[in-house]
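Have a look below at one chain only, the form predicted on its own, in structure tokens format.
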């Protein structure tokens, strides 16, 4: 006997029913509008990548986390885990032809096999914004500013989120001044990334296990308490630009922002909800060496990855269902088959006027039609009976107030 087929999506993957698409569209619309407003141009790429390209990215557990396979020609391929390596490949392929700086954006579906926790799936969509070929900190300001704009377009205020910014370069300088050897910097980065997630005693043990002496460990903890970025010109400039651009209230200095990827070289940032309930909303930074790791010419770059999972959970928690339940459009129905053509003509006219119209596909009783119109979320409803068509006038009902007004079926041209 055949095993019963499961109707569940594969573990860690998602289906999007119509009620889910309302939230997704709210997020994606904000992504696209904010990117367009900031002058970013869209691009896209294949979701299947060359495994070797993804394996070039240092610091990742590639074999364990990436969905990879051999195709029928024995080529080793993988589902992309993020867009940045693909972007680097595309830019390197046409590096001699492109006009820099580039401001590119994409909403990419990504796959990563890992342990699922709150805000983390094995599949997600990620909004990427990258500026390639620009050394100025204005590039960081443009990317962060666009991301803040997207959150505001989702009706979130800066009371609900903050962008934590730091600099890998600045942190490296602090470590050097504290005489912590360069080969131990990675261990300090790891400890900083864990600060607040585990007790300081465990972090101290981690540093000792990584080869730091008692003096070096004490110096690392002093660095972790750094509250000023005055010694870092690029951060001073970033906060100055944020003030001019109007998102300074969303930006804060945080020496603990590390970013897990080893290719970040300068300013790094992560956005969190102020209540501390969720994982990072988005993150990114300057990565000036990525193209060279795949064989391209040296090119500076700043990028951001903004996933859809966490921000959707945040929106649901902060805004509630009312944010996506607003009624819109017109439902049009008819009592008998003889009124079908008149209903279709009315729907066509309303659509030509820019209305969203849900046309009933068969005749039905008034009670059933209005019940379905209410359930569909229509703002207004028109039901045509024999008398309405004969008179050339129908009644259009507001589904919230129940008020009715006349609607001419044969308007004068």
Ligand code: HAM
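Being a predicted model, the structure only gives us computed values, none of them experimental. Residue numbers count along the first chain shown, from 1.
What comes next is about the form predicted together with the named molecule, which is not displayed.
Considering the named molecule in the model of the complex, the lone stretch of 82-90, 231-239, 328-336, 177-185 in range is 82-90 [heavy atom distance within 4.5 Å]. In the model of the complex, the named molecule sits within 4.5 Å of a heavy atom of residue 280. At a distance threshold of 4.5 angstroms between non-hydrogen atoms, residue 101 is out of contact with the named molecule in the model of the complex.
Residue contact with the named molecule in the model of the complex: residue 114 places a heavy atom within 4.5 Å of it. For the chain shown alone, residue 130 is a contact residue for the named molecule in the model of the complex, at least one non-hydrogen atom being within 4.5 angstroms. With the partner omitted from this view, the residue of 161, 170, 247, 263 that lies near the named molecule in the model of the complex is 263 [heavy atom within 4.5 Å]. This chain is displayed alone, yet in the model of the complex one of 223, 192, 156, 309 has a heavy atom within 4.5 Å of the named molecule; that residue is 309. If you take 106-139 and check each residue for a heavy atom within 4.5 Å of the named molecule in the model of the complex, you get 112, 114, 119, 120, 121, 124, 126, 128, 130, in sequence order.
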